[in-house]
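In the block that follows, a single chain appears as structure tokens, in the form predicted on its own.
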Amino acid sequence: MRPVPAASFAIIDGGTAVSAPPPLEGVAAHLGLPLAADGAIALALDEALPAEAYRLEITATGVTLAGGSPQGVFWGVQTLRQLGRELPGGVIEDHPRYAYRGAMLDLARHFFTPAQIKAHVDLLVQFKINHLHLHLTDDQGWRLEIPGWPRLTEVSGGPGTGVDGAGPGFLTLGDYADVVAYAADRFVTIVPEIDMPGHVNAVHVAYPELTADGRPVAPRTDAEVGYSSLVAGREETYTFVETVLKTVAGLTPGPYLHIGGDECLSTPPEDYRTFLERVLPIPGRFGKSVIGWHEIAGVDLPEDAVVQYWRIEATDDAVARAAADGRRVIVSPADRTYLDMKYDADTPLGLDWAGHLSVERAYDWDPAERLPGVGEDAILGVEAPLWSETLRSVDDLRYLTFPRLPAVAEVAWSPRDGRDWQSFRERLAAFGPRWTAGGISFHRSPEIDWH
């Protein structure tokens, strides 16, 4: 930021108007101010800027915000919103470090409604998150309607599903399309995940014919992992998988399909390899790039495959080899980004298998230094997953998300030498009164001097 005289500022109030060319009128609407040809806040496109970059100039008489695309202008709008009503004079020139800045929400272990997902998107974009990964299927529930396979949602999306049977529900095709469109209007790409070949007890409950012996399977509402698997040696498995992925691809305009691939403890290694060799190319046939949790790096990957690293270990040779072969990596180490971890020993929600995750711990690390062999050029981005085993409400969701999500978001947006914990603490503290006024549940971390 280049400072100008301290007396230079503009005040945004109900009388402030926004001027914007037609391509930016939708972006201008997110400021909640009227449009006018001579508005004191002027939005513009500047082709000289990268697509997600923006330049914000604030003077005593007004504000000029230019971006390399409508998305870049939208991120500048979020900065304006963060600054509040009284804007300090100066110039901000900003652009993201990584193209993929994500959050994940687990709908399988506890379902959240379309309205709740949309409200979550609105909170995420304030911190320039541009991907929302929806974990749609797991042992405890199936959360997306699939034509031709009605029992997936009738049985495994119905009452009694979710951890402790406390999180039933599913998205219809219309619901999902509505969420995707809502997110897209805010420049957020939905990344759907259909987890396989493990985490599929909900599939077997709905369709026992897909099990190894064709016998009925009991529902599971506990939080154990690793006990279920699709059968790699049966053609019926691949008919099912292709139908599901084709459906999801057709509903999803974004470039990615996530196929899971994690914690397949009951899948023999050769079966795991056989399954992935058949399934990994399928998203590509529907125009999508496949993402999988880092276990998939143990097999041959499509050229455009993305590996998502989640473990707490500091090395992973398979992921390093994939990066050396040109595959991109999403960095999600559980001990730095998993929002379902407890803040400390006294946190009433969350888990602690990856340790406690304080706000400072979520902030004070660098993605390019996490894994040897996975440097800056190999990293597509950073994602903060939130698994929902202990969630029972929107308040729970927000309590574990905030204030740590802003920390991970800044790691994904800003270069290492542009981040400072003390500065971040002060800026984060300003959100306390806003969250309180908005009825947003959050953890009042003792690391932050809340206003």
Ligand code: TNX
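Note that residue numbering follows the sequence shown and begins at 1. Since the model is a prediction, treat every value here as computed from it, not as a measurement.
This protein has a second form, the form predicted together with the named molecule, left out of what is shown; the following refers to that one.
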(message) Can you confirm whether His199, Asp262 and Leu351, the three residues that make up this candidate site, all sit within 4.5 Å of the named molecule in the predicted bound form, judged by heavy atoms?
(response) yes
(request) May I ask you to state whether Tyr399 is within 4.5 Å of the named molecule in the predicted bound form, using heavy atom distances? (result) no
(request) Evaluate Trp142 for contact with the named molecule in the predicted bound form, applying a 4.5 angstroms cut-off between non-hydrogen atoms, and reply yes or no. (result) no
(message) Quick check on Glu389: any heavy atom within 4.5 Å of the named molecule in the predicted bound form?
(response) yes
(message) in the predicted bound form, is there a heavy atom of the named molecule that lies within 4.5 Å of any heavy atom of Arg327, even though the partner is absent here?
(response) no
(message) Tell me which stretch of 318 to 326, 340 to 348, 121 to 129, 200 to 208 has a heavy atom within 4.5 angstroms of the named molecule in the predicted bound form.
(response) 340 to 348
(message) Considering non-hydrogen atoms and a 4.5 Å limit, which listed residue (Tyr98, Trp310, Trp75, Phe112) is close to the named molecule in the predicted bound form?
(response) Trp310
(message) Only one of Tyr176, Trp293, Tyr363, Phe240 gets a heavy atom within 4.5 Å of the named molecule in the predicted bound form. Which one?
(response) Trp293
(message) Residue by residue through 212 to 226, which ones have a non-hydrogen atom no more than 4.5 angstroms from the named molecule in the predicted bound form?
(response) Val225
